[in-house]
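Before any questions on binding or motion, here is one chain by itself as structure tokens, the form predicted on its own.
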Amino acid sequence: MIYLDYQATTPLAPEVAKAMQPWIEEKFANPHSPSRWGNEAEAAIEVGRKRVETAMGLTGGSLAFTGSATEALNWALKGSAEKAPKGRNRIITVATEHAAVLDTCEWLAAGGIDLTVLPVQPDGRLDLDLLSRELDERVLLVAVMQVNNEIGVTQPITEIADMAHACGALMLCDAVQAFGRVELCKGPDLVAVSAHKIYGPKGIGALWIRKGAEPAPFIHGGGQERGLRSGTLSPALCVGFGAAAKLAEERQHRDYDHVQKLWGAATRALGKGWIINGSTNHRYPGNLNIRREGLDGARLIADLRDIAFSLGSACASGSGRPSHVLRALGLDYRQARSSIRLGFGRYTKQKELVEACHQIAAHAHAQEKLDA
């Protein structure tokens, strides 16, 4: 199989698997136990935490581990709303955000939060003038992701954070697709990240919290994570996240150069007739979201079972609905259904990517002949 679905998840790095192994087998103690073994497990977790914090490169805050980035985003939004100062009842977000943000915002809106979902321009970027017109003293929080999970388009997070702060609001950044791949933008008060997007294990994420911006606890029952988040932490997962973060920090520039070369190879191998969805200037090059007139993307995936790629977000792929991100760009139903996402990264070989793109192009051409 040729794996081209790096936005859905990344392979586990061998170095990460090796680091986790002792904590899966003999080092099984509860890290919150006062025993010597428990203390050892707790120390390993703190090493992992420090490695993630260092790799993020943010200052003035600290990191809390969560069960996923989805939990981290839910916590940031619901916990901030719970602690909202009087008179601040608005949340502003963007139509291309991940469902973990949009669905949570809709849930909060049902409970009384005044929600504004801003549109994007045809290239997927937010119009900062439009944001500026929406900001006022009632805004509690602005939520914008750094790198879009479906189309790879980047947003000017530092500028957005500055604008939010100027009116006294918090800024939340979903940095799941950015962390370990590009430098994280400075400025946000709350930043969500995930281990399995950076060659780490599934089942663990984190929320970086600027001092003074702590959300109310989301999960209760022990307060193990700095009194803010309850639940027994997994030393294996925390160690794995730390090892993946350290490796990502060391390899970030090499990895980026690699995917940039792969982007060029992929676009050449696909040939003519493809349109790139979203900005080509402001994007992460390991995400190639493309469409072809008349293509049936779902049929293409079914025909090419030895190549792993997707129609969009793995979280929404079973819904049967076209991508909300592509619709937000202004694509109609047919255009959205004719789009596919190719994701590549550290372990993608150029030869296999080119071979996959040749097969994708050939099957797309065959569809055109059949449908003609």
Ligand code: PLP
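Keep in mind that what you see is a predicted model, and the values were worked out from it rather than measured. So that there is no doubt, residue numbering starts at 1 and follows the sequence shown.
Although not depicted, the form predicted together with ligand PLP is the subject of the following passage.
The partner is absent here, but in the predicted bound form a heavy atom of 98, alone among 292, 98, 229, 88, sits within 4.5 Å of ligand PLP. When ligand PLP is considered in the predicted bound form, only one residue from 259, 108, 170, 145 comes within 4.5 Å through any heavy atom, namely 145. When contacts are judged by a 4.5 Å heavy atom cut-off, residue 277 does not count as touching ligand PLP in the predicted bound form. Although the partner is absent here, residue 338 sits far enough away that none of its heavy atoms falls within 4.5 Å of ligand PLP in the predicted bound form. Although the partner is absent here, residue 283 is not a contact residue: none of its heavy atoms lies within 4.5 angstroms of ligand PLP in the predicted bound form. Residue contact with ligand PLP in the predicted bound form: residue 55 places no heavy atom within 4.5 Å of it. You can rule out all but one of 191-199, 131-139, 242-250, 215-223: in the predicted bound form, only 191-199 has residues with a heavy atom within 4.5 Å of ligand PLP. Within 4.5 Å of ligand PLP in the predicted bound form, a heavy atom is found for none of 153, 155 and 325.
If you take 58-90 and check each residue for a heavy atom within 4.5 Å of ligand PLP in the predicted bound form, you get 68, 69, 70, 73, in sequence order.
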